[in-house]
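The chain below stands alone, shown as structure tokens; this is the form predicted on its own.
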């Protein structure tokens, strides 16, 4: 779905938060690699999509009213067959309904289980003084614990992206630590510039959160994403 269609639908529905699927469609459209993620409105569709994508898969609750999916018991990973998908679907829907009874739940997202990589966070926030700024750092739970994040005012160029990656204290993890492969730094730089260009050219974006991004020796993939529109 094209960017304008997604933004128009969100505006028509009077919502500021895009679904994970919508966010990934937008990011894919600007050249940022995301895990293939599709919506299943029913248990039957969840199984069909899982078999189409190929096991193992991940199921996540799909609701613009539930920001932190794990808090809702809304994430089940490494599902290897039909029975596990069916059981996971029931557990996710029951848990989400119990913990967020007023949430509008459209179903679950189904995506392939991404291979492990170094967890990165990328995104954009609006600063009260400087306007849009892009961010880069170690992702997953590490971003909350270490707060090892670099920021730059939009727009940025490749040199800015290089500096951002060099700035973080955990850069040794990216360079190859204790026998691990170094990650594809050039790919991460390219993603940051594409993110900045998109924000610079698209008014109305309030926040973008890509966490985690799995960084590999030969590329990177956005595993989870959120986009919030300005209201």
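Residue numbers count along the first chain shown, from 1. Source: prediction; values computed, not measured.
As for the form predicted in complex with adenosine-5'-diphosphate, it is not shown, yet the points below apply to it.
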query = Pick from 112-120, 90-98, 129-137, 149-157: which stretch has non-hydrogen atoms within 4.5 Å of adenosine-5'-diphosphate in the predicted bound form?
reply = 112-120
request  = Taking 4.5 Å between heavy atoms as the contact cutoff, choose which of 42, 201, 70, 180 touches adenosine-5'-diphosphate in the predicted bound form.
outcome  = 70
task = Mark residue 75 yes when one of its heavy atoms lies within 4.5 Å of a heavy atom of adenosine-5'-diphosphate in the predicted bound form, and no otherwise.
result = yes
message = Taking any heavy atom pair closer than or equal to 4.5 Å as contact, tell me whether residue 49 reaches adenosine-5'-diphosphate in the predicted bound form.
response = no
request  = Using a 4.5 Å heavy atom cut-off, state whether residue 191 contacts adenosine-5'-diphosphate in the predicted bound form.
outcome  = no
ask   = Is there a non-hydrogen atom of residue 35 within 4.5 angstroms of a non-hydrogen atom of adenosine-5'-diphosphate in the predicted bound form?
value = yes
inquiry  = Going through 191-217, which residues have a heavy atom within 4.5 Å of adenosine-5'-diphosphate in the predicted bound form? Please give them in sequence order.
reply    = 211, 212, 214
